[in-house]
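Quick setup: the structure tokens below cover two forms of a single protein chain, split into structure 1 and structure 2.
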Structure 1
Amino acid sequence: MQAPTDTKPRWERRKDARPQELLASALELFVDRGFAATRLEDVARAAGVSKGTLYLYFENKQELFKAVVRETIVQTIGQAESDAAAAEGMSSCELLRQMLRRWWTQVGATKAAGLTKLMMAESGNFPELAQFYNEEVIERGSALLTGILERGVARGEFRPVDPVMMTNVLIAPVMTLMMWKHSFFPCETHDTIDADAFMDTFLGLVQQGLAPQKNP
């Protein structure tokens, strides 16, 4: 786990990079075409290796996919959890905005968003992947937002809402935007939607919609 300086010969360091290159290619292709429609041969070729090499690093197609999710979304969630825990002083509204924005910039605006789209679509055909994604991504991500809402309501910063339900409402637009961005709809759709403007509109709605009623 700790390579002191780098005693390995160069070609062996190349070997160590292989999994990363494969994961990058796999992410790209899974996002473009979905899980079932992605051919492992294309993943291998995009990474510059042969088809068989994939099986040296990943047991099969599903394990490859899990590894891609771990490298991207799961990692990001871990960071967000840490940061949220360390933001005691921040206002709940600001923290919530920050988390939603961060979710957008680090996941939604990147290729990783395609993985979410993909899971929504294909989880039914691959129960093992569904369970993995649910445990590692959905539950952890939801818990993070729900915690912030609870905090805000408790502190009187938000009007009283059901935190779990509101979490789902908050998640919704971002998820949809992610899927929108990664769906191939020709013509206007793609150009019409400006993600940043969308987020501004959405966050404005959140701020006004969650604000406690000033006078009863």
Structure 2
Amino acid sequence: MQAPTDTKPRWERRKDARPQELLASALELFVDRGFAATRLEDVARAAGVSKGTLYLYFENKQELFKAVVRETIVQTIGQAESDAAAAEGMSSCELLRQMLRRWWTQVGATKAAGLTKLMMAESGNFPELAQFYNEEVIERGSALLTGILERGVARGEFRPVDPVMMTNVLIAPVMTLMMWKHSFFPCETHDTIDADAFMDTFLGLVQQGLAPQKNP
């Protein structure tokens, strides 16, 4: 049997792909130049369309940035939330390990990690974007980890800890690794940090640190 083919005219297939092409181009430019220095005409040019075409999909630069964050980081958080809710039979330790590893592989080790660096550098100048990023990324991501920690403590799988404080403790090393990757790694000529080895070491420490204390 012959495989089905896309019967749409080439121009129509191209039109369907434009939002994704614009988002991909915007991600590259936002990360490389920052929010303030990125111009919509440059995003359109990189995507191979006119600036007018860009406005058919995104009202302004702020909405384009939000769409990029939702397409990359927020989508990852949403899938992680669904998977965590369905992981009733998984140990809390393994679930936490998977969530932290997923964050690194799907966000931290990708171009999307540069969006976090961008927000840290420019959020003071763009309070609306800072509020958006806090609500859709920071609060949701933190709530996911806090919920797993609460679950583990309640089940006796983790030692008693303050889940909110421990969430911050878990986030900080991964954020540091992300900043190193996008701030220093491109300039280093020797002794480059092995990010995967860093994550393995970090996750091992987390497992040991959260393990319930054994009765003497």
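Each form is matched to the other, and the largest set of C-alpha atoms that superpose within 1.5 Å is called the rigid core. Everything numeric in this text was worked out from a predicted model, so none of it was measured. Residue positions are counted from 1 along structure 1's sequence.
Undergrad: Only one of structures 1 and 2 is the form predicted in complex with the DNA; identify it.
TA: Note: form predicted in complex with the DNA is structure 1; the other is not.
Undergrad: Superposing on the rigid core, is the Cα displacement of L27 between the two structures 2 Å or more?
TA: The answer is no; the displacement is under 2 Å.
Undergrad: Report, in Å with one decimal, the C-alpha displacement of G52 between the two structures after core superposition.
TA: A shift of 4.4 Å at the C-alpha.
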